[in-house]
Structure formats: C-alpha cells, structure tokens
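Below sits a lone chain in structure tokens, taken as the form predicted alone.
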Amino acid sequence: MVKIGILGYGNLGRGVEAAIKKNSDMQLVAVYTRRDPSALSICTEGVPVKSTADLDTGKEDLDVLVICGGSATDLPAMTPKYAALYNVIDSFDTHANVPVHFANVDKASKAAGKIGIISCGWDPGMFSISRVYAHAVLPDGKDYTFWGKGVSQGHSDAVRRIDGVLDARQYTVPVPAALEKVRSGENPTLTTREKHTRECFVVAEEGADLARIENEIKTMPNYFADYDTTVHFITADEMKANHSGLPHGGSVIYSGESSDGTRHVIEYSLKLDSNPEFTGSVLIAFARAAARLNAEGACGAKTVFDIAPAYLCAQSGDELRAHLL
C-alpha cells in the first residue's frame, strides 16, 4: 500500500481523496490543514485530520504527500518546504514559472534524498506528455493547445485572492475560428489573444471598489494580461445557482510532416465533468511513481517527462504487456 497524505482540503484535496478510493493500492493516512482540524470533516471515515504543524516535524508516516494548494502563492513556498521532509507531488500550473519552481524543489528534495514531482495534472501534465510525444514523432511540425470551455481552478484561485473578492469562477473559452484553422492543418500563427478568451464571474464584498478589482484581474501577469477578459459581478446566490460545477477540458493538436507534402494531424482531447477530480486522479497516478522511484533510490525534482508510463500503473509489467501494449 502507498501511504498518502493530503495537504489542503479544498476542491483539489477532495478530488485526490476521491481518486484514492478508486485505487486499491493506495491508503489515505491523514489530511493536513492550516485551519482548525477539529472544524474540518472529510469523506473518508477513520482518517484523521491533522494540523500542518504535525507535518513540520518531518515524522509523519507517509510515502507521498500530495500538496493541494494554489499555484499563485501556496505551492511556490509549500512544495520546496515539504520536499525537504517527504516525497511530494503538486499540480503547479503557472507555466512561465515552472523552471524556477523546479529548481527550488530539486534543491530541497535532493538534499533530503526525496522525490518531488511537480506540475502534475492535465495541463501541465497529460497535455504536456501529448505535446512531447508529438514533437518526438514528427519533428517538423507545430503544436497548439486549446483549453475549455471550462473552469480553471488556478485562475479562479488567483482572482479569489484579490482584496475585496469573496468568490470567483474563471472560464477559459477557445476562439472557434482559431480551433478550426488548426484542425484543418493550416498551421496558422496565432497570438495568445487570438486563441482564447477569459470570462470571470466575481462575488465582491459589499462596498468593494469594483473598478479596481476588474482592473487587477485584467492586468494580472501570467493569468489575464495577455487575453481579452470579461468580468461579471454577480451575487453569491447567482454563483451557487449557475457556477457551482467545475467542468473543463480541451485539446492538444499537432500538425506535422513526415516528408514534403505528407501531413499528419495528432489530437488529444479531454472532456471533464470535474476538473479537480480528474486532476486528483493524475496526481495519484504520479504519486505511485514517486513512491516507487524513491524506493529505488532516486531523488530530486521530476516532471511528467521524466516518468516512464509503467511507473504510473498498478498493473505489473506482464499485465501491461498482455493487455495494453
């Protein structure tokens, strides 16, 4: 059994908990929270809720700690901190800052003899794998990634951290004309703004400066500054009635040539009822790999590019060759 700890019990933490229940070789040992543990009720009976202070001792009996914080401020601090104590995994999704985050986790985990797998989810994560396979198979080509329409957890979290915001949902929406050009094999040159729009639904505190909040959203680097973004201010009741779900999805499309004039289009797509539950499922598969790799003596930071597929699967090599190869 792979002994798992979950740090953070928001949407993603609950998604990881759901994934553990679907994997018979996984055991949830504890959920850790910065809140009052006695005030938190989880779905798995008999599993304790503990304080992050317990984690800080470095003595918790865990094979892997799954860190379920936000990429804006939580993960840059939390993942390196706990990589110095445990094997860790996160879903860090600020693409522009991945190299710095990797370096910080690599330094901490190597010093501790632990594994730290970062940026596991569907993008970065499963979409990243699709992109790298396509580039390897058809070096002469170009990849395009379209997200949505769906709720981005990371972007929604970034909006919720703005002063005066009580709740928020951010939808990423592909531009239909751009999507069709790519699927036809045209290989167009598209700016970030030409590929997607972003739509935000925000519940603000009473009396908050709505113009300031809207400006902070639209000018936020790495999240909204490069997109045409629409901001809607709504009530808490409207949020609950119309935006309580967390669907998402998208496509990676690669168009390339194997010889002059011989073109191929590769497409990998996802349609997700629940963004956090699917992301949690990816995290648990890679948590299995983290435990196996560390048991073999490996240490340091890893990404999805560094993990062989067999390490993700509960099945043996014989079973994989017989049924999935």
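This structure is a prediction, so every number in the text was calculated from the model and none was measured. Note that residue numbering begins at 1 and tracks the sequence as displayed.
Not pictured, yet referred to below: the form predicted in complex with another copy of the chain.
Residues 22, 132 and 309 are all found to lie within 4.5 Å of another copy of the chain in the predicted complex, as judged by heavy atom distances. Another copy of the chain is not shown here, and in the predicted complex it never comes within 4.5 Å of any heavy atom of residue 1. Taking the partner from elsewhere, residue 49 is found to have every heavy atom lying beyond 4.5 Å of another copy of the chain in the predicted complex. Shown alone here, residue 282 lies within 4.5 Å of another copy of the chain in the predicted complex, counting heavy atoms only. Within this chain, residue 297 is remote from the site of another copy of the chain in the predicted complex, having no heavy atom within 4.5 Å. With the partner omitted from this view, the residue of 119, 79, 109, 170 that lies near another copy of the chain in the predicted complex is 119 [heavy atom within 4.5 Å].
For the options 183, 149, 195, 161, the one in contact with another copy of the chain in the predicted complex, meaning a heavy atom within 4.5 Å, is 183.
The stretch in contact with another copy of the chain in the predicted complex, judged by heavy atoms within 4.5 Å, is 121 to 129, chosen from 209 to 217, 121 to 129, 234 to 242, 149 to 157. Residues of 229 to 255 include none with a non-hydrogen atom no more than 4.5 angstroms from another copy of the chain in the predicted complex.
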